[in-house]
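Consider the single chain below, provided in structure tokens and representing the form predicted on its own.
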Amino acid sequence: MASDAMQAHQVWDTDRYQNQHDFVWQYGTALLDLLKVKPGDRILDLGCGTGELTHALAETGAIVSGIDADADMIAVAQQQYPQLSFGVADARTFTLEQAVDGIFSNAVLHWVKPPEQVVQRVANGLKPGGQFVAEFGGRGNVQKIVEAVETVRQRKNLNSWYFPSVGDYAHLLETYGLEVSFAALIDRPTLLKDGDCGLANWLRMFGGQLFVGLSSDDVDIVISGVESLLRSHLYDGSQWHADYRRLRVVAVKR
């Protein structure tokens, strides 16, 4: 998902997203069972991207719609799955015509700040007893990558993602009337496609905020330096792995 809350320099390339970074939605399939969908349930896919998980949810018999703040993502989703309902909307301000039985979100919420606005929208959008199931970057996510960029750039605090701890996010959900039934921080080293180019491609796709103020030539120089620093940690001789840590939560509206 691309949110308006992201830095303006983050640009989404839908072709690259689907062809080089399809692990984003593929890992999300593990979340689907946590939602406990019944045929006829109304489900919102919050930050649906190009719609693959929206489609998977619809195949359970649920009535599913997807929203994303990026119009290009929504255009691809609608083209791929014309039978489903998609719309452009911001996770911090979306409204629903009627409350839903479940809200699902995969690999989205670390992009969106302030998180309080998102959680309030989620709480408002759920029926009593409705479930919220989400996974996104948690505390320590891609820490080695971020620290390597900061070392090469000789700058601190370049990371503007929202990577909360289990306790911080559980408290936030409870503040807005969502009872947490499950929360875990999961180490998940993630294979990046394209061999020796995997880390560079990941940084160009997702790391725009880390290169603010740099020319394209300078970005290339920084990425080369980052690869040198991380090769002994995140490269196995043929493929790069990103040091992902994911926060997975299940909560119920009371």
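What you see is a predicted model, and the numbers here were worked out from it, not measured in a lab. Numbering starts at 1 and runs along the sequence shown.
One more form of this protein, predicted together with a small molecule, exists but is not displayed; see below.
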| property | result |
| --- | --- |
| Touches the small molecule in the model of the complex: Trp111 (any heavy atom, 4.5 Å) | yes |
| Close approach of Asn141 to the small molecule in the model of the complex, 4.5 Å, heavy atom | yes |
| Partner contact for Phe211 in the model of the complex: the small molecule, 4.5 angstroms, heavy atom | no |
| Contact test in the model of the complex: Arg246 vs the small molecule, heavy atoms, 4.5 Å | yes |
| Which of 68 to 76, 117 to 125, 160 to 168, 173 to 181 lines the interface with the small molecule in the model of the complex (heavy atom within 4.5 Å) | 160 to 168 |
| All of Gly137, Trp202 and Phe206 within 4.5 Å of the small molecule in the model of the complex, heavy atom check | yes |
